[in-house]
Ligand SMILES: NC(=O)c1ccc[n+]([C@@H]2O[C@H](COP(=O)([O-])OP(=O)(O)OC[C@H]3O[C@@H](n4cnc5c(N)ncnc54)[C@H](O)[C@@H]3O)[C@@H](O)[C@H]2O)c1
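Encoded as structure tokens, the following chain is the form predicted alone, with no partner shown.
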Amino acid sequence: MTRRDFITKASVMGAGLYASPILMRAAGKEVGANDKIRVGLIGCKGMGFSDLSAFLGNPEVECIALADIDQEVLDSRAAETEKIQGKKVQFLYKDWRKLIDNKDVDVVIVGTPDHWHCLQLVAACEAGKDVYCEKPLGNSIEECNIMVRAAQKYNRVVQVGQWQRSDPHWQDAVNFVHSGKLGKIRTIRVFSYQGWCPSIPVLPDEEVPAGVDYDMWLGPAPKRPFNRNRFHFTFRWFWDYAGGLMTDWGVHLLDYALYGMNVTAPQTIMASGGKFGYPDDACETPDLLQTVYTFGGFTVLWDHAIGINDGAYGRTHGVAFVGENGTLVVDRGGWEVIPEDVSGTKRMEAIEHHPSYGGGGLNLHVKNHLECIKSRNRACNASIEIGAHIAKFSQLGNIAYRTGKKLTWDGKSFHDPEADQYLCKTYREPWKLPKI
């Protein structure tokens, strides 16, 4: 039985009826040729290739297809992939749809800019592929809803690239918060101060570089002249394609704020900020933003700045649960508890926890996805439902900023015409928003 037969039959009849490669390896057996999980990557420039590299760290994975609109990127990544896995990539595509149509691809990695995620994930699900999708899941609230419905309808195993969900020390920190030792938590401070991120100078439009299919790069986004500021990494600072630091880092950090507090939808959202650091540069999204989400009995405060490293608690990023007895602060380097000191009396003991896991969150995240694929368990550590929820939550903050209003949200609508216009993107012809 081939790997594809296993995946297909297990999704219908239950993985327990077939020999899982996980069980085979546990019994000391090698992974055979028919047990290979064949992966295809769409979008090879940035995190997509990091994701693929993590997949290739597992012996049962083989990359058979790459797709990218930039021929130079496609060729260089094909050469790098060959070095990693010891064999050539069989299929190289400029058009991602050909990768989706390839019946030998079992798993699709979506590493494209945010505005492409919905179309590519839905197409992969319809074609019977499992998906690893970079964060944020979608570029609008309605796109996220559509993607969840697609994964559920076609029974696909989807992992969203919020790899901190698989990093043990983050879970350890949440477990401490859930213990109640911090006392009543009044607010959660979530911050991302990215000094490494420079201002983007204004550049003139220019001719499309040789080997780049720019119309395909734009896809459903509005037609615009080619400009390097909007291309590759810096696309994330333009509303057509992404949501700035709020969605780029917010989905990682705000996710743990909600996870720690066991909450979902806020009562109200309001935001303030702007282009205060670099008012004349090319970016559209704000370089400084504060957003307040109000829940019953506490608030979640998002705070970001570009070009500045001095966040809170001597850290550039993190999540701080501020309790009556102390504050727990967690970032990618570890977590600590800072006791409340009132009139010379500390209300709890200080704790400092540095993880010994070696920063392997992404590798653990991919392993979790592979295990879920083999068992046909859709409840990945960052399932599509988890990814959709936090992507929509971050979008709420951006919408509050763009309208300048204090908003209420019932899960479907703001009941405010100006705010509701941001719920769904208008796709450029001939691309259509999927209907699921």
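Note that this is a predicted model, so its numbers are computed, not measured. In this text, residue numbers run from 1 along the sequence as written.
The form predicted together with the ligand exists for this protein as well; it is not shown, and the discussion that follows is about that form.
Q: Okay, which stretch from 311-319, 67-75, 334-342, 266-274 lines the ligand in the model of the complex, with non-hydrogen atoms inside 4.5 Å?
A: It is the stretch 67-75.
Q: Would you kindly say which of H178, R149, H232, K346 lies with a heavy atom within 4.5 Å of the ligand in the model of the complex?
A: By the 4.5 Å criterion, the partner-contacting residue is H232.
Q: Looking at M216, V208, M261, L364 here, can you tell me which has any non-hydrogen atom within 4.5 angstroms of the ligand in the model of the complex?
A: Of M216, V208, M261, L364, the residue with a heavy atom within 4.5 Å of the ligand in the model of the complex is M216.
Q: Quick one: is G40 in contact with the ligand in the model of the complex, heavy atoms, 4.5 Å cut-off?
A: Although the ligand is absent here, G40 would stay clear of it in the model of the complex, with no heavy atoms inside 4.5 Å.
Q: Spell out, yes or no, whether the shortest heavy atom distance between P113 and the ligand in the model of the complex is within 4.5 Å.
A: Output for P113 is yes: heavy atoms within 4.5 Å of the ligand.
Q: Residue-level contact is defined here as any heavy atom of the residue lying within 4.5 Å of the ligand in the model of the complex; does G161 satisfy this criterion?
A: Because a heavy atom of G161 falls inside 4.5 Å of the ligand in the model of the complex, the answer is yes.
Q: For C44, is any heavy atom within 4.5 Å of the ligand in the model of the complex, or not?
A: Flag for C44 set to yes.
Q: Quick one: which residues from 247-271 get a non-hydrogen atom within 4.5 Å of the ligand in the model of the complex?
A: D248, H252 sit within 4.5 Å of the partner.
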